[in-house]
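Heads up, the chain below is alone and in the form predicted alone; it's given as C-alpha cells.
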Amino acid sequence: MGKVAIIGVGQSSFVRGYPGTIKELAFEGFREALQDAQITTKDIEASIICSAPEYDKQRSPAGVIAEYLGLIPQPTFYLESLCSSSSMGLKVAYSMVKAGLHDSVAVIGFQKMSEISSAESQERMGRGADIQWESPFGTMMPAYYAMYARNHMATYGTTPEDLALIRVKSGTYGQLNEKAVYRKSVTLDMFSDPESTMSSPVASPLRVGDCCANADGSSCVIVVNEEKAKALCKKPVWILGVGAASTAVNMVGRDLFNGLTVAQQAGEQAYKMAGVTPKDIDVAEVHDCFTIAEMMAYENLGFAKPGEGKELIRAKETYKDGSIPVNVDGGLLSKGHPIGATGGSQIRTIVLQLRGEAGEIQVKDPEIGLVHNIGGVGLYGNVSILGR
C-alpha cells in the first residue's frame, strides 16, 4: 500500500478540573482536529479511543464516545497502554490504513483525572506495577523515577541543578502555550528557595518542580492513506517510522543503569523504518513526566551519549534555537499529563512544527520530527517519526 499521513490534529486545553463529561471533553480535541483537516465525521471510517481505564467511571468508553461524536456505525474500539495509549493508537491506526482496512482513522485520546481524588489517583498509578509482587509495598510514580535519578547521579555525576534546568526550559515555553496547565516562568533560584513550592521534596532527589501535574484533557489525530491525504490536505505530514517495545513490569527485572530500555528499542525500530538517524531529527517531543525522564530520553534516543544528556541542557542545545529542540511546547511539565491524551498532544505539536504553524515556538524549517511517549515507568515505549 501507499504512504500514510496525518491530515488533522486537535487538542483541548489541559486543565486541572474539567467541568463536563468525558464525552464533552473528547469532543473538544476531536472538533479541533476535524476543523484542522476540513472534513466531517462522514470522512472517518473508524475510530480508536485511548485512555487509562482505572480513571474512568464509564465502562467501555469507546462506544459511548464514538456515539457522542457521531462516529457510528463505523467500527470503534478501546486501546490502552497507560501513558502511551494515544501514541500506540497512532501505530495501530497506521497499521490499519497501511493494510487497506480503512482509508481514514481517528485516534482520540482523553483522560479526566479529576473524576477521582489525588490520593485515589496515586493509588491507581501504583497499580501500574504488579499488584501481587510490587504495588502492595506502596510504590508510587515519583519514587520509581527517583530511583532512576539516583542512579543517573551516582553513575554520571548528574546534579539536581541539571534536572532543574530542564524545568526552567519547560517554563520558558509553557508560558507561551495557551493550552498548558502551568503557564508561568520557572527560575533556577526557585529550587533552592525554601519558600518556593518548586523546592519542596517529593521523592529524593525529585522535588515538586521535577514532577508534572495530573490534568484533564483530550487530543485527536486523523490518519489517512496517501490518496486521501493528497486529495484533502495541502500540508500532509507523513508517518515515516513507528516503533514500540515493552519490558518487565517489576523493577527487579529491570536494568536501572541504562535509562528506559523501551525508549531505546522503540527508537531504534522507528529510526530503521524511517531510514534516518538521531542527527536527522530537527525537533522532538519527549515524555517528561519527570525531569529525569527527559534527561534519559536525550540519551536513549541518541541525541547524547549515556551520561552526556546534562551537557545538552547546560548548553541550551534543547532550546528552540539549539541543535536539537525538545519539548518547546512546555512538555508535560508545563502542559500537564492527561494520560490518554498525552501522546496525541505530542503528535499535534510535531505536526504543527513540520507545517510551520507553531507560532511563537516554531523551530526554523524542520523537516523531520520525533515523538517519544512512555507508558508507566518505562513499561511501554513508543517512538514515532514524522516528516513533512
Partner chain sequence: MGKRKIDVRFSKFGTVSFTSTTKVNDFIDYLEQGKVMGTKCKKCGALFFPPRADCYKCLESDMGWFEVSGTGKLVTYSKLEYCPVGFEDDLPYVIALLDYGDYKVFGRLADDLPEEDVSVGMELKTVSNNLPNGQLSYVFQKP
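Just so it is clear, the model here is predicted, and its values are computed rather than measured. Positions refer to the first chain, counted from 1. Rigid core (definition): largest C-alpha set, two forms, superposition within 1.5 Å.
Not on display, but discussed next: the form predicted together with the partner chain.
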Exactly one of 188, 154, 231, 101 has a non-hydrogen atom within 4.5 Å of the partner chain in the predicted bound form; which residue is it? 154
Sort through 92, 203, 240, 198 and report the residue having a heavy atom within 4.5 Å of the partner chain in the predicted bound form. 203
Might residue 139 be said to contact the partner chain in the predicted bound form, defining contact as any heavy atom within 4.5 Å? yes
Does residue 115 reach the partner chain in the predicted bound form if we count a contact as any heavy atom within 4.5 Å? no
Evaluate residue 173 for contact with the partner chain in the predicted bound form, applying a 4.5 angstroms cut-off between non-hydrogen atoms, and reply yes or no. no
Heavy atoms within 4.5 Å of the partner chain in the predicted bound form: does residue 144 have any? yes
Options 310-318, 221-229, 118-126, 102-110; stretch whose heavy atom lies within 4.5 Å of the partner chain in the predicted bound form: 118-126
Contacts with the partner chain in the predicted bound form, stretch 26-50 (heavy atom within 4.5 Å): none
Once you overlay the rigid core, does the Cα of residue 121 travel 2 Å or further between the shown form and the other one? yes
Assuming the CA distance changes by 3 angstroms or more, are residue 261 and residue 125 closer together or farther apart in the predicted bound form compared with the shown structure? farther
Closer or farther in the predicted bound form: C-alpha pair residue 118, residue 164 (3 angstroms or more): farther
